[in-house]
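Have a look below at one chain only, the form predicted alone, in structure tokens format.
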Amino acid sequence: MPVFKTPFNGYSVKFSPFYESQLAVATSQNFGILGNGRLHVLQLNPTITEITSFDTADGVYDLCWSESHDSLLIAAVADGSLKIYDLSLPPTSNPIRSLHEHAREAHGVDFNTVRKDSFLSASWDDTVKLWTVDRPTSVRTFKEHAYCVYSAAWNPRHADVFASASGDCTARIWDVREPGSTMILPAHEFEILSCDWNKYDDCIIATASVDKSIKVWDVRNYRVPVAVLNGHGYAVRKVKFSPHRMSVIASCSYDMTVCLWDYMVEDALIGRYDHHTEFAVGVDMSVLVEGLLASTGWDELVYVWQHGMDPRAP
């Protein structure tokens, strides 16, 4: 299965929602502590080749593809900025926009898949911001979390609803039409690093924590989790629901593994991949090709493989 070497440490990987053979990777120099960043746009055919790359003065922590324009990418950068790139323009014309309002590192970005006109940014300044691609300033700032917000994720069915995951040990549900959060989920006793919505049940959300667990919640009755998934040896960095199978979740961890889970069955762990030799911090599942996974990590490698196969197999 194909692998790609990046000059810097991998932070995030995302498949294109438009082209099944295209993906992008966010990277940071020196493990993201100090130094430059680079955004790589890659092509699968069947090896991985680079289409283009964009350099940044600071590390790139996350990225998302536009859901309305196949050539637009948004990067979350360590200087707090969000940079919008257009692949149809030469590198010298990019980024086409740099949005700088966050007072600390921008750690997560997510594009609205329902209305397809807006995106969220999550920052270490404890806020989430709502943006549209054509506006130079944010539409709104959501400030309730008491510590870093690591990720924000749009609900896949409701254009105005999103969730946020924070180091304050809570996940919050928001409706952009409401003045404050609509639900506070005290999901873990340690920092929550990631959250994602089920793609088939708009009331189910997963949270991933420093406590090594993933918890699945039903927002209609969140006193106890629907499932608790234990199996990672260290903090769980990212969690992602499958776009194809309702109860399947992918995760990656500081234990260097990528895991696949089915939270509806008793033996929930259905796959463990230990191909990375450093922290595994980015994972994604293709919307267009069922079972196709991608991961990246601090070992400066990007892997793309089919579930059930060995990511390192030639």
Partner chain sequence: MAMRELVTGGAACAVPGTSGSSNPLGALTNALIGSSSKNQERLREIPTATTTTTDGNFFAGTEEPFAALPGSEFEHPLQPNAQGSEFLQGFRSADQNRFADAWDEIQRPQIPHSLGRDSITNIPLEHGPPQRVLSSFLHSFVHSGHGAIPFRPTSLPVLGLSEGDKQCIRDRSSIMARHFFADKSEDFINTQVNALLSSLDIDNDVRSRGPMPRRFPELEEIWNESQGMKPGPYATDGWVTEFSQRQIEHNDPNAWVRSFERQHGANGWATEFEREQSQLASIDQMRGANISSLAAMEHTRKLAHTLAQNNDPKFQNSKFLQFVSKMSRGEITIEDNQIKQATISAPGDWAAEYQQQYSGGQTWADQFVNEQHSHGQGWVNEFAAERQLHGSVDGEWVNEFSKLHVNDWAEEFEHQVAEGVLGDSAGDNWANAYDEYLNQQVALKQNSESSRGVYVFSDLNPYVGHPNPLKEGQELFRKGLLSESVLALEAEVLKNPDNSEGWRLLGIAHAENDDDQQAIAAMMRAQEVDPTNLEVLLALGVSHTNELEQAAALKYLYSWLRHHPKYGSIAPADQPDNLYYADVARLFNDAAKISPDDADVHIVLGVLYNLSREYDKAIEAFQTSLKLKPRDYSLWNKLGATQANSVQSADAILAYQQALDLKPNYVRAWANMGISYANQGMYEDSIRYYVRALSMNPKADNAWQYLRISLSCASRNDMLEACDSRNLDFLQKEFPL
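Note that the structure is a prediction, hence the values are computed from the model and not measured. Positions refer to the first chain, counted from 1.
Not pictured, yet referred to below: the form predicted together with its partner chain.
- Not one of F4, D62 and H158 is positioned with any heavy atom within 4.5 Å of its partner chain in the model of the complex.
- A78 is the sole member of A153, L229, I173, A78 with a non-hydrogen atom within 4.5 Å of its partner chain in the model of the complex.
- Residues of just one listed stretch (138 to 146, 240 to 248, 200 to 208, 214 to 222) have heavy atoms within 4.5 Å of its partner chain in the model of the complex: 138 to 146.
- A residue is said to contact a partner when one of its heavy atoms sits within 4.5 Å of a partner heavy atom; T49 fails this definition for its partner chain in the model of the complex, lying far away.
- Looking at S118, you'd find a heavy atom of it within 4.5 angstroms of its partner chain in the model of the complex.
- Contact check for M256: a heavy atom falls within 4.5 Å of its partner chain in the model of the complex.
- Although the partner is absent here, T113 lies well away from its partner chain in the model of the complex, with no heavy atom inside 4.5 Å.
- Taking its partner chain as it sits in the model of the complex, the stretch 42 to 69 comes within 4.5 angstroms of it through a non-hydrogen atom at A57, D58, Y61, H69.
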